[in-house]
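One chain comes next, on its own, written out as structure tokens in the form predicted on its own.
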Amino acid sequence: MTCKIAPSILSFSQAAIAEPTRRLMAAGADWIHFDVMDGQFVPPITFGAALVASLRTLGNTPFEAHLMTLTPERHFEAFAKAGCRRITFHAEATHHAYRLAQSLHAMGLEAGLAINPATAVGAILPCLDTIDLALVMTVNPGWGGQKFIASTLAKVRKLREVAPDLEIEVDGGIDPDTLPIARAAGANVFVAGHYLASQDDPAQGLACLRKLCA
């Protein structure tokens, strides 16, 4: 599977979010990842579709919205209109993951299904024939800068075993130390936020992660 880097803007200052987003897009980010939190599914509140739309004019890099929200289907249309190509929602937030993935496809979008560290990989398996991506959280959702939870990689291994061609994304604690072990487990899409925001130049941080995908 092709290795892809999806920078998250969560750890950058929202007061000056355009510049690092522009630099990451120019540096060849495969996706720009938006961590959307509603204060209910997880305690923090981050941002909505308006911020995403405001950044869409910066370039053509695909956008993906990771909805850490209750009733995620209420937000599909807004993020589609804001310019997202893929929307990922959580298995824990709905009893109808299969139907929601179908509705995203009907809108012309890619569908991603995410699970938290405490959620069994079985929550994804029934939906493998209707999702484009599985996202395994490698930290507890809600805050950037957390320590990578290595035990979550067992779920990545299982997914890669049963779905060799599936895009498998990991989100949380991704840096030059953890990307290689997540890749070895079978992940091929890597969300990096805190690591990139901590670099003097996020584009150089992206280049460092890219070298580990070679």
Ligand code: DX5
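The shown structure was predicted, so the numbers you read here are calculated from the model rather than taken from an experiment. Note that residue numbering follows the sequence shown and begins at 1.
Only in words, not in the display: the form predicted together with D-xylitol-5-phosphate (DX5), which the text now covers.
- Contact here is defined as any heavy atom lying within 4.5 Å of D-xylitol-5-phosphate (DX5) in the model of the complex, and by that definition not a single one of Lys4, Ala29 and Pro202 is a contact residue.
- Although the partner is absent here, Thr21 lies well away from D-xylitol-5-phosphate (DX5) in the model of the complex, with no heavy atom inside 4.5 Å.
- Interface residue remark: Tyr98 is not counted as part of the site for D-xylitol-5-phosphate (DX5) in the model of the complex, having no heavy atom within 4.5 Å.
- D-xylitol-5-phosphate (DX5) is not shown here, and in the model of the complex it never comes within 4.5 Å of any heavy atom of Ser54.
- Gln146 belongs to the set of residues with a heavy atom inside 4.5 Å of D-xylitol-5-phosphate (DX5) in the model of the complex.
- Here the chain stands by itself, but in the model of the complex one stretch of 35-43, 54-62, 181-189, 155-163, 35-43, has heavy atoms within 4.5 Å of D-xylitol-5-phosphate (DX5).
- Residues in 69-85 all lack a heavy atom within 4.5 Å of D-xylitol-5-phosphate (DX5) in the model of the complex.
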